[in-house]
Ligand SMILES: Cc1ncc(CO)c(N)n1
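Only one chain is included here, represented as structure tokens and corresponding to the form predicted on its own.
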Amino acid sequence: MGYRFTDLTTACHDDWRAYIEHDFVRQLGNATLPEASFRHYLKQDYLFLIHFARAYALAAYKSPTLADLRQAHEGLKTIVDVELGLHVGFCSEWGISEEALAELQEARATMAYTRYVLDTGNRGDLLDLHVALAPCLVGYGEIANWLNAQSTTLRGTHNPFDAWIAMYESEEFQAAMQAELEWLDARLADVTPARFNELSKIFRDATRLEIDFWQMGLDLSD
């Protein structure tokens, strides 16, 4: 039996749970998150999405097979043609104009995680890059599912952040998360213990940087 994605989360259990169950997430779920914190997060997440698109462009360059190249192309196309537009619309609903988004300065937490992902992808191979991105793509889907399992989570009109939960619990996002898990599981199955330890470090570092991203929102830090 080879390794699976769950082995990564087990190896980094405390950091993974601290990310999934962060105070930002809990407050978002029970509708106590300050709206200023959510707006700050939304702005920085827009910048993150742009770098996420760049990471998929890097994934295309790193792709060893045509199937991997097509996957990277579809990911890049989805972010640029669909997700960024949806995010701009979501920001507009929260009083953040597209002009304001275009003039944003990156917070240090945004720079730290996005540059870490791109540096990891540049230094390593396609699997390194996917593992560095996994806390985002897989993590957000898990967070939505975790929130829905909590008795304290409010839904519908009782929660001004309900649309955020709905986005990541959606069939489309959950399907994308499952596809990524299948991709990761297929490749982790063949790695050696030494290679798995390298990937665990990448995953742990990326997860810790995602924790900092949540904390940035709570603290309104730049």
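In this text, residue numbers run from 1 along the sequence as written. Given the structure is predicted, the values throughout are model-derived calculations rather than measurements.
Beyond what is shown, the protein has a form predicted in complex with the named molecule; the following relates to that form.
**Asked** Does W183 reach the named molecule in the predicted bound form if we count a contact as any heavy atom within 4.5 Å?
**Response** No, W183 sits far enough from the named molecule in the predicted bound form that none of its heavy atoms falls within 4.5 Å.
**Request:** May I ask you to state whether D45 is within 4.5 Å of the named molecule in the predicted bound form, using heavy atom distances?
**Result:** Looking in the predicted bound form, residue contacts with the named molecule include D45, since a heavy atom lies within 4.5 Å.
**Message:** Please tell me whether any heavy atom belonging to Y140 falls inside 4.5 Å of a heavy atom of the named molecule, as the geometry stands in the predicted bound form.
**Reply:** Yes, Y140 lies within 4.5 Å of the named molecule in the predicted bound form.
**Message:** Taking the named molecule as it sits in the predicted bound form, is C136 in contact with it (heavy atom to heavy atom, 4.5 Å or less)?
**Reply:** Result yes; C136 sits at the interface with the named molecule in the predicted bound form.
**Message:** Tell me which stretch of 194-202, 6-14, 21-29, 207-215 has a heavy atom within 4.5 angstroms of the named molecule in the predicted bound form.
**Reply:** Single hit among the candidates: 207-215.
**Candidate spot Y41, E83 and Y168, all three touching the named molecule in the predicted bound form (heavy atom, 4.5 Å)** = Answer is yes for this spot.
**Item:** in the predicted bound form, the one of L154, L49, A57, A176 near the named molecule [non-hydrogen atom within 4.5 angstroms]
**Value:** Looking at the other structure, the residue within range turns out to be L49.
**Contacts with the named molecule in the predicted bound form, stretch 175-205 (heavy atom within 4.5 Å)** = Contacting residues: none.
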